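Structure 1 and structure 2 below are the same protein chain in two forms, each given by itself as structure tokens.
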Structure 1
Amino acid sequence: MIVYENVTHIYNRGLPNQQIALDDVNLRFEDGEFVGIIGRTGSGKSTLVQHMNGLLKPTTGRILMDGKDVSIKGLGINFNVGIVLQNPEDQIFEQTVFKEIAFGPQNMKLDSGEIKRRVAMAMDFVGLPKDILETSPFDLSGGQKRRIAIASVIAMQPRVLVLDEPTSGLDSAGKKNILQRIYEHHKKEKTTVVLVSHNMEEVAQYVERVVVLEKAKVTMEGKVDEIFEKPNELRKIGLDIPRISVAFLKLKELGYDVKNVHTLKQAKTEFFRLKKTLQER
């Protein structure tokens, strides 16, 4: 369990370009949860997640992991938390894809057999073909670079996996694929997953609980259904609800007896239920 206690983060403190990126944030991430963090650009999402493994230290407040303070200044990185940062393809440096993905496990001083196993697992995880193992990552496409970067964190098998806008800039097949696999991994291994995202369809489909950030503050927090029940509040802060939810809200407005739905799967059942009741009449 990870707990944020009154966390405030100020960039360039005391200078004219000072920026309060987090303002008294209190949060709780339970083990095995799939949490979504949404908010418009500049609302502090990246700053928030970078506190989780100690990359950033809070200006005031603290972060506890299983009751232990991981936000003490001078304390190194907490490797139980694996973060895939925004635009992670910028971190690529090795000569081959294998070496790139093995970088993390190698630094963890695992033996070579284990490293090989983990690289294979991670490649499989993100859906990269085996035959590119020995090619240079710089020769690959943007989407493939992204997958390599994600794989390099997956290979470290963190207990908590944090993804900062992992699908921005990927094609729709690539998006779905990666998230689907992360979701399966989460179900199977009971890994905690924190997903920072702009895409509400994604959030509705995979996330259990949503945290909404607005101007450095947590303004809303709750189950997906509760959050998407308030489309007007979300629109006010520049966010949307899934398009399928909009469609069903419209149906409700027109006088049909439907529940609020947020994913295509829910929509399908709800639609057939509606059809049946209409036919019975």
Structure 2
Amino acid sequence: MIVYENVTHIYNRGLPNQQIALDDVNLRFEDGEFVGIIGRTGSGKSTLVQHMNGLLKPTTGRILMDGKDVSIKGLGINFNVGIVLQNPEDQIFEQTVFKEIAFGPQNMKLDSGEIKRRVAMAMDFVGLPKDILETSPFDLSGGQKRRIAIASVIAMQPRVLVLDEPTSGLDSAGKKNILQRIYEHHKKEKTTVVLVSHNMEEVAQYVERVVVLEKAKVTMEGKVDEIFEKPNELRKIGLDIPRISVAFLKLKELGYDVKNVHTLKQAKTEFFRLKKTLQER
């Protein structure tokens, strides 16, 4: 479990351009849950997740993992929380793809055989061919760099997987493939997953709970259905709801007796129910 206790983070504190990125945030992330973080650009999403393994330290407050402060060095917490940053270039630095993915396992003091096994597993996980292992990651496309960044975290097999816009730079098929693999990994390994995304369809399809940030504060928190059934509140802070939800709200306005839906699977079920109801009249 990860707990945020009264966490405030101020960039450039005391300077004329200081910015409050997090303002007295209290949150809990339970073991094994899949959480979505949404909010407008600048609302504090990336700052929030970069505190989870000590990449950033709070100005005030603290973050606890299993009751231990993540900012204290030497506790080994960093290996338990793997973060894929919004821009893969920010975390890629090694000379070859193999060295990049192997970096984490090497620092975990694993033997060479286990390191090779984990590199191969991570490459398969993100769908990249083994023949690029000796290639410089900087020579790859943006989408491939994104996959390498994800692979380098997966190779450490962290208990908590934090993904900041993980599908950025991927095509439609690539986005679906990566998120489905992450979802299956979450279910199989009981891994806690925290997904930062501006894509409401992705959030609706995969996460169990949603946290909404606005102006450095948590303004809403709840299950997916609870959050997306508040379209007016979301729109007031510059967010939207999944497009399929918009379509069914239109049907409601037209007088059809339909439930609120947020995914294509839910929409199909509800559509056939509605069709059957109309045919029986």
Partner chain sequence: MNPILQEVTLGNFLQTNSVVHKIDPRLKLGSVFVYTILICMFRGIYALLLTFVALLAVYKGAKIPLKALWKNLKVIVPIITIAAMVNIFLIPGSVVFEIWFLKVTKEGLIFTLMMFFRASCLVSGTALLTFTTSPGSLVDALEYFARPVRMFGGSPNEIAMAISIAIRFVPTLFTELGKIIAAQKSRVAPFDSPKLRERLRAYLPVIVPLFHITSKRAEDLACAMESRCYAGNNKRTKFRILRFGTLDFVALVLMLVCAVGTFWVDRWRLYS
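Treat the numbers as computed from the prediction; the structure is a model and nothing was measured. Under this definition, the rigid core comprises the largest set of C-alpha atoms superposing within 1.5 Å between the forms. When a residue number appears, read it as a position in the sequence of structure 1, where counting begins at 1.
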(message) Between the pair I just shared, point out the form predicted alone.
(response) 2
(message) So that I can tell if residue 130 moves, could you say whether its C-alpha shifts by at least 2 Å between structure 1 and structure 2 after the core superposition?
(response) yes
(message) Once the core is superposed between structure 1 and structure 2, does residue 94 show a C-alpha displacement of at least 2 Å?
(response) yes
(message) When the rigid core is used for the superposition, does residue 140 move between structure 1 and structure 2 (threshold: C-alpha shift of 2 Å or more)?
(response) yes
